[in-house]
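Let's start with one chain on its own, the form predicted alone, as structure tokens.
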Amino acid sequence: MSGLRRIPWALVLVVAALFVPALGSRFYTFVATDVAILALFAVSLNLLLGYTGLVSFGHAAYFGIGAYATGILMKKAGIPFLLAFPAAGVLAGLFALVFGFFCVRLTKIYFAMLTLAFAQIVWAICFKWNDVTGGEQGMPEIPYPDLAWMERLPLAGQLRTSDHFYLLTVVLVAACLWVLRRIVGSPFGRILTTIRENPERAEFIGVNVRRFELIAFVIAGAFAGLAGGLFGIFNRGVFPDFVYWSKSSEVLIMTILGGIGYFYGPAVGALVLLVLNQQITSYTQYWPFILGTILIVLLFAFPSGIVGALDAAARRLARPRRA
């Protein structure tokens, strides 16, 4: 058991993901790209929900801001992806700083509702500002980044453009998750956990709770913006639906389904939700009812999430060996 724990499973998974295009299926590459991007989106929300104890109903605002920022810069301004992608995270982080300044002054349901209110304001702007965002029609035909250099890499010369973008997505998402992992494992991350457990006690021992919550809010918004920047290119267009409240509820379900407080839990939740969605929609037109029923069963069967249930099972199996 200890030998298995020493294996760098995250690195193994990243290496395995890089070989998905070798399977030769456009569908597998499409689903894997979708899972990777939304996994980053869900893990960024978990920094608020699982580690800081803040329930945000408007996290899609920063996802959409990042998508629009990348789309506008690449399509209208002709700025290369190398600059447009980090700009998505910076702009989303700046909006999170402004919105979070007001949100963290409230607690619990009032915090959640204010995040939703700000997200709806962003959606209304994206929906109506035709000259910049394209309004209701959005911005189609977002170009792929120039990845001609990938053709010189071993085994990548025969791949399609979408496969090249998938490989880039895997590397960027892996790098973002590594940074987030370092953040939650740092003293800063442990302070966030203390705030989640008992904000009054944290305040009593000298922690500036509002400041740490605001920093976490900005970091989560910035990484959501990076996920949105990748998603806009992957989707080949940016639309107001990216910012709508239903997108926030979708990523919230992924986080809860995978396991709140477990770092890779939301990523597992994204994988399960997207695979279920793909499978059910291919068999019946009543997929919302069936998917909702399955989600209710899963959430009742695994109240701590899928990863939480697996962790509990692993602990039970380890007890007899320790004894």
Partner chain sequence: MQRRTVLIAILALLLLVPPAADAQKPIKVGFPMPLSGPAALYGDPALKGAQLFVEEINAKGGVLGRKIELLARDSKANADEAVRVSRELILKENVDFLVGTLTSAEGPAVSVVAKENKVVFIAPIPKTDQLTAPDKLHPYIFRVAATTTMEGRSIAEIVAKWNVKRIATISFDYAYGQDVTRAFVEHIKRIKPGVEIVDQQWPKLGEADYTPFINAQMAKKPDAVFSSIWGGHFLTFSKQAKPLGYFDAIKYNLIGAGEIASPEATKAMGAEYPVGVWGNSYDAFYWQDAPPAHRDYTARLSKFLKDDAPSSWSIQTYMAMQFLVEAIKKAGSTDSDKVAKALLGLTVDTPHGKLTIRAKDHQANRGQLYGQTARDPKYPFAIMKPMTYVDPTKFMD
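Quick caveat: nothing in here was measured; it's all calculated off a predicted structure. Residue numbers count along the first chain shown, from 1.
Omitted here: the form predicted in complex with the partner chain. The next part is about that form.
The single contact residue among 236, 190, 210, 181, judged by any heavy atom lying within 4.5 Å of the partner chain in the predicted bound form, is 236. Highlighted residues 28, 128 and 144: every one comes within 4.5 Å of the partner chain in the predicted bound form, counting any heavy atom. Looking at residue 241, you'd find a heavy atom of it within 4.5 angstroms of the partner chain in the predicted bound form. In the predicted bound form, none of the heavy atoms of residue 260 sits within 4.5 Å of a heavy atom of the partner chain. Among heavy atoms of residue 247, some come within 4.5 Å of the partner chain in the predicted bound form. In the predicted bound form, none of the heavy atoms of residue 186 sits within 4.5 Å of a heavy atom of the partner chain. Across the options 66-74, 39-47, 53-61, 274-282, residues that bring heavy atoms within 4.5 Å of the partner chain in the predicted bound form belong to 274-282. Looking at 282-298, the residues that come within 4.5 Å of the partner chain in the predicted bound form, counting any heavy atom, are 282, 283, 285, 287, 288, 294, 297, 298.
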